[in-house]
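Only one chain comes next, encoded as structure tokens, the form predicted alone.
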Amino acid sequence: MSIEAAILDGPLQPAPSWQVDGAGALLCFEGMVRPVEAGEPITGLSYETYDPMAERELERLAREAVERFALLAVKVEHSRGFVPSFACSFRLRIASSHRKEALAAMDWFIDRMKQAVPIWKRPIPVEQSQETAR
């Protein structure tokens, strides 16, 4: 079993390839910043986190997912600070022996993360500069 959780500054870089012994399913979900929030165009989102609790909660949820769904590995990353539209702000990677457990774990994890992890987003309107967002 392998668990990794991280809060990283700015947009997430592309994920490197990933191999896990025994995995029949490798899932990757990437949350992208939409260019429109509540019907208004935005340049991106500014994420605020309560450190180090946010990272600790991501790790706790990953451990719970591993136990609940018999996963082989979980890697989760979330952005802090400004993330422009069309960039990745959240990535969850799950390795499992079988697809059903991996798919169920993915949905479960994201729902719990939105409820329990102290991360807040603030849309930055198009007319507001990126410097003001920080």
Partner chain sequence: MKVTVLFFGPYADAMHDSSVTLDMPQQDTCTAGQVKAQLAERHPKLRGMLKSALIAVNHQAVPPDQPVHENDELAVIGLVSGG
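The model shown is predicted, which means the values in this text are computed figures rather than measured ones. Residue numbers count along the first chain shown, from 1.
Another form, the form predicted together with the partner chain, is not on view; read the next lines as being about it.
- Heavy atoms of Ala116 reach within 4.5 Å of the partner chain in the model of the complex, making it an interface residue.
- Contact annotation for Phe69: none of its heavy atoms lies within 4.5 Å of the partner chain in the model of the complex.
- With a 4.5 Å cutoff on heavy atoms, Ser96 does not count as touching the partner chain in the model of the complex; it lies far away.
- Residue contact check for Glu59: none of its heavy atoms lie within 4.5 Å of the partner chain in the model of the complex.
- Within 4.5 Å of the partner chain in the model of the complex, a heavy atom is found for every one of Met53, Phe90 and Arg122.
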